[in-house]
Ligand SMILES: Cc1ncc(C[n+]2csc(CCOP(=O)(O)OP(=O)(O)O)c2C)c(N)n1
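Let's start with one chain on its own, the form predicted on its own, as structure tokens.
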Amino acid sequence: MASKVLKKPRSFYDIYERNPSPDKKMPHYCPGCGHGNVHKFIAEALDDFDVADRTVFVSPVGCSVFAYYYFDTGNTQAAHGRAPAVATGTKRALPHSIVISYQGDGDLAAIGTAEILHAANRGESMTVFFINNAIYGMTGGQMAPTTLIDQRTTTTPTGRSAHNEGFPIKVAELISQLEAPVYVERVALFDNKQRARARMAVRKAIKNQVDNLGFSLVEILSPCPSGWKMDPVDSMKWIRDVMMNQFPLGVYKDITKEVEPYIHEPYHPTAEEIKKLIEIIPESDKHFARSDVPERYKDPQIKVAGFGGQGVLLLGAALAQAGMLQDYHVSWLPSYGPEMRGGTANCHVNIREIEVGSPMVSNPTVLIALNRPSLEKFEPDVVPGGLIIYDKSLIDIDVKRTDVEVLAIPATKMADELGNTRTANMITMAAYAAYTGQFDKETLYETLKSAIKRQRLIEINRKAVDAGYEFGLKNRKK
């Protein structure tokens, strides 16, 4: 015979060790707060559907972040408003998981508006619980996007004005107008009848994800007695008598019976397919033997820096291309300002014998500086014993460091003498290759076929490679 057992859901921790309150068995929310009710509904659903072990909560800034204290599930804290973006990444990386974005109104409807709209519009297979208490509850009771007209907060002491602060944002209505979401409902917590409806909405939203139906959002009108400066009983009445007039309850969209489950089939492209997709296949099938590089120059982490128009990014890409031709593991990461010409530009290049862990180069072993601001900015970052190469045609100061190698090359002057100033970057690249022994000239010649898109410029750049390589060899340390 079946028996009813009343106990805490298994999806909660037995002891809330993360809870800052002295009593680790009790939640810490303010008296009358609605978060405890919603937590209970979610935990019961996770237990009943047996999905707690594959559930990931994504919680941003605000009282919603405290779910981390209570749920025995995966948990990721996101930056303010960014929970749907983090949830998107989590779900796509772990499609079997149940991902819950748990957010307040000051988070979802304010700084996170773009994230929730685009996640909903894409139909991301996630469940969003939106706690609407019409205020910034955690940070002192400021006006939120959902604050009612004439409602007083610490930042609207005379009440919210439509002319000054605009009207409250109705999230359920807004999300339900998009095509992709399958289920959107607004519920409340002010009496037992409404809490029962809220419980059913929470269960449905989670079950939709279990069944792979798509994006669900439940907006929950929740009391915040501390923020509203009311006792818990009056806060319940205020939701019923005032808040519901602005935010009517009900199902705003439900197409769960009309959509087919979407089963994610993971795609694992081969290395060759990846190269083709991002268009980095060399135009030549040639490969070259690795040069005999002195130990101190092996596995370079290079930062190339200058101003827009100097070919900074092209220089870095060419170095990475040369590395691929010699079967190194390489990465190239550009960074530049919004200006097409004259703005700052730099790039990070790794040329490694082992796989590259991160494309970032914070402390380069090699700095190639093509203008003075770049030398002054990045010189301190070079590791002791590293190499600094700079264009002394354009930089009228010397390297201050005494614990690094320095190769000063008049690259721009040499390029002018060749008849094309814009070849200074290839001169500098070749000087680096010869000085360190990283690449031979044949590798660099082959690199030009991919790096230089205009065929008529190949010959002048071959001459630049010859000039730079000769300079590097002449100044190479014995």
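These numbers were taken from a predicted model, which means no experiment stands behind them. Residue numbers here begin at 1 and follow the sequence given.
What follows is about the form predicted in complex with the ligand, which we do not show.
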- Task: Could you tell me which stretch in 426-434, 41-49, 410-418, 54-62 has residues with non-hydrogen atoms within 4.5 Å of the ligand in the model of the complex?
- Result: 54-62
- Have a look at Lys275, Arg372, His80, Arg401 for me and say which one sits with a heavy atom within 4.5 Å of the ligand in the model of the complex. His80
- Item | Of Tyr136, Phe378, Phe190, Tyr328, the one that lies within 4.5 Å of the ligand in the model of the complex (heavy atoms) | Tyr136
- Query: According to a 4.5 angstroms non-hydrogen atom cut-off, is Leu313 in contact with the ligand in the model of the complex?
  - Reply: no
- Query: Is the gap between Asp391 and the ligand in the model of the complex 4.5 Å or less for some heavy atom pair?
  - Reply: no
- Contact flag, Asp105 vs the ligand in the model of the complex, heavy atom cut 4.5 Å: yes
- Message: So in the model of the complex, is the ligand close enough to Val251 to count as touching (4.5 Å, heavy atoms)?
- Response: no
- Item | Residues within stretch 379-408 having a non-hydrogen atom within 4.5 Å of the ligand in the model of the complex | none
